[in-house]
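Shown next are two forms of a single protein chain, provided one at a time as structure tokens under the names structure 1 and structure 2.
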Structure 1
Amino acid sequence: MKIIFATQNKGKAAEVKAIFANSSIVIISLYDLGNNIDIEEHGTTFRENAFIKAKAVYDIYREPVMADDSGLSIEQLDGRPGVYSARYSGENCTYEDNNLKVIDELKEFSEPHTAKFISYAVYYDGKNEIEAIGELPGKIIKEQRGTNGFGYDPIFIPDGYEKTISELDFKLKNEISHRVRSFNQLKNKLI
């Protein structure tokens, strides 16, 4: 079976293709198709945004689609940045802008700053919808450390580790990530 993965991100596409590598499912990304669709994510939950992407791509290709939406949820910030993780500091902000905003907002709270990365993955084929959620629990620290990650990785330490995700080996990060967890669940449900 062929499934279109609604992403133009080469790294994310490679990660998901690796998850499905030893299965009967072939993953083709929007990047592979040369399609640079601009999909407005106007949902208020990760689930809504993932489904918005899946449906938009399905409506174009009329073939089965997978999509995901992910972000960071911090307990002391009532789940923020949440679905606004990528643009938490405003449009055209940098990863560092977002990290510094989170660190600043957490100054008024005592440690630990409990948080989790969430990935909500969906499969949609025009009538069937299958969903999976992957979470990576951890905590936020006061300074950025490491150079191997992106987004909030330099300020996030996963439970059971002493290093930030940006300090971890790339292979290990991909074994424990919230995205790997959600897409492994989705794969198991599809197979």
Structure 2
Amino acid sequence: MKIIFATQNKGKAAEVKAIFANSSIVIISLYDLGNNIDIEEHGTTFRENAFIKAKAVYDIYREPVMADDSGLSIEQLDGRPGVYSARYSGENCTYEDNNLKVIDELKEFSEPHTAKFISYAVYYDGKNEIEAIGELPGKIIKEQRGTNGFGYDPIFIPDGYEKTISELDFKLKNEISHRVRSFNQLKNKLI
């Protein structure tokens, strides 16, 4: 079975391809299709945005689609950046801009800065809707460390580890991440 993964994020695409490797499902990314569509994520929840992405891409290809809306929720910031994780410091911001903004906003709070990553993964084929949530608890540190991964990975230490996700290797991230937790549930429901 072939499923299009509706993301423009190459980090996410690599993670989801690895999750479905050795299964009967073949993941085709928008990048593989040469499609750089910019979908406006006007929802106010991860769930809404995930279905907005999946349905926008389904409307183009009329083939089964999966999408993920994800982000970081920091307790002391009342859940921010949340659904605004990708553009937390403005349109066209970089991952580094966002990390520095979070570090700056946390300066007035004492440690630990408890946080979690959330992934809301959905499947849509024009008829059936399947959804699953995955979370990864951890804490935010005051500096960026490491080069692997993407987004907030350089400032996030998962519970039970001493290193940021960017200092851990890709294989390990894909054993513990919010995304592997949500997409494994989708995989089990689909196969």
Ligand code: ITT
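For residue numbers, the reference is structure 1: its sequence is counted from 1. Since we're looking at a predicted model, the values are computed, not measured. Here, rigid core means the biggest group of C-alpha atoms that superpose within 1.5 Å across both forms.
> Of structures 1 and 2, which is the form predicted on its own?
Pick structure 1; the other is not the form predicted on its own.
> Once the core is aligned, please say if the CA of residue 161 is shifted by at least 2 angstroms between structures 1 and 2.
Superposed on the core, residue 161 moves its C-alpha less than 2 Å between structures 1 and 2.
> Please determine whether the C-alpha atom of residue 151 is displaced by 2 Å or more between structures 1 and 2 following superposition on the rigid core.
For residue 151, whose C-alpha is compared between structures 1 and 2 after core superposition, the shift is less than 2 Å.
> Under a superposition restricted to the rigid core, does residue 12 display a Cα displacement of 2 angstroms or more between structures 1 and 2?
Residue 12: C-alpha displaced by 2 Å or more between structures 1 and 2.
> How much does the C-alpha of residue 61 move between structures 1 and 2, in Å, given a rigid core overlay?
That residue's C-alpha sits 2.6 Å away in the other form.
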